[in-house]
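To begin, one chain is listed below as structure tokens, in the form predicted on its own.
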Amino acid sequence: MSLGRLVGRRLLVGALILFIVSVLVFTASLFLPGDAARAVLGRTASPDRLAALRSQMHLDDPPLQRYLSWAGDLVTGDLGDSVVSQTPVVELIAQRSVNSLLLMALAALIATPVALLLGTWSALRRDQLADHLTSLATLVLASLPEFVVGIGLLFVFSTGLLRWFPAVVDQTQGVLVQPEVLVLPVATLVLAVSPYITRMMRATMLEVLDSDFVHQARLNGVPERQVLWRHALPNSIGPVAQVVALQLAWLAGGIVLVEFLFDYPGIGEGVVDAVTNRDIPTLQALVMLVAAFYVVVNLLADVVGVLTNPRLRTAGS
């Protein structure tokens, strides 16, 4: 399959996934317990105010009509207005999206190369002490939930032994004005996603190093460094790209707990606030944004997998 056809098929699958997610998100909002209008306005709201808010939220319209209206607005980029702040949802989530993308980008830029190098280094020292220690450390980190890792970092570097970094973000200032607040959230995400990439890279590298073409290259007198960089790594990174994509996609969901733990003004905290305040338009927009991120990351992973795997690249050309 050529790269163009691969991208085309993945785009169609991505569109189908987003459609299914939109149906699930809308259906879930219908079954939320209680009265959404009363949850927003409170128990003391007058019947007139409740009726006006229900009309604004189209709560009295048939479900199919509400879905088609919402989906049509979503396709055109109209995310509606927040029922809590009465501001456009786009404006409400714009800065949160930038903050979350910054957090995820920093975590990805640090975790991916570090994990790939650590997995390769561990594979080259197979069955040695360094390999066993690396495997043990990654196994322990992989078994810990991200909020446990975050709490541990808070205790060591913020509230307990070493008070080097702030425990929470000062939301009266921008994130870039106080870059030190990024250290602990980014470190938490890096420690959460790196073990899986490291273990997969080690396993794939060991398999490639034991392959016939690597043995043949060594028998032909090719220097070990050239064997590693020209033969082993290109054939190892392709399969690992899928794992990297899954871990980066996990960041979009796992970031919710991390942002809540560090009081970070991102998408995760926005989801929690929207659920708490029953701000359905904002909640729906944030969930669809996370779903779109999943689709884009997995599409990029497929493209990277083809471009970095010589056999797939040759077959598609």
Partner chain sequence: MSVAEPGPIGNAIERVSGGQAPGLLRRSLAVGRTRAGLMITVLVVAVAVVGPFVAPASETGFVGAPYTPDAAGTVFGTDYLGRDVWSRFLYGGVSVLALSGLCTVIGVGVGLLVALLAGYSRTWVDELLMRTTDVLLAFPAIVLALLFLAVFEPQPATVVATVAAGHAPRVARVMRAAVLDVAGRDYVRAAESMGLRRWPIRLGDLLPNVTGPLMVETGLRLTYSVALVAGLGFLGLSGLEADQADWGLMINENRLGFTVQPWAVLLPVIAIGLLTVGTNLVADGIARAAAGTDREVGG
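Residue numbers count along the first chain shown, from 1. Here the structure is a predicted model, which means the values were calculated and not measured.
FYI, the form predicted in complex with the partner chain isn't displayed, but the following is about it.
Among 68-76, 141-149, 104-112, 179-187, which stretch has residues whose heavy atoms lie within 4.5 Å of the partner chain in the predicted bound form?
That would be 141-149.
With the partner chain left out of view, choose which of L92, L191, L246, I237 has a non-hydrogen atom within 4.5 angstroms of it in the predicted bound form.
So the residue touching the partner chain in the predicted bound form, by this definition, is L246.
Is there a heavy atom of M200 lying 4.5 Å or less from a heavy atom of the partner chain in the predicted bound form?
M200 belongs to the contact set for the partner chain.
May I ask you to state whether F165 is within 4.5 Å of the partner chain in the predicted bound form, using heavy atom distances?
No, F165 is distant from the partner.
Taking any heavy atom pair closer than or equal to 4.5 Å as contact, tell me whether A51 reaches the partner chain in the predicted bound form.
Answer no; every heavy atom of A51 is more than 4.5 Å from the partner chain in the predicted bound form.
W121: touches the partner chain in the predicted bound form, heavy atom cutoff 4.5 angstroms
So W121 does not count as contacting the partner chain.
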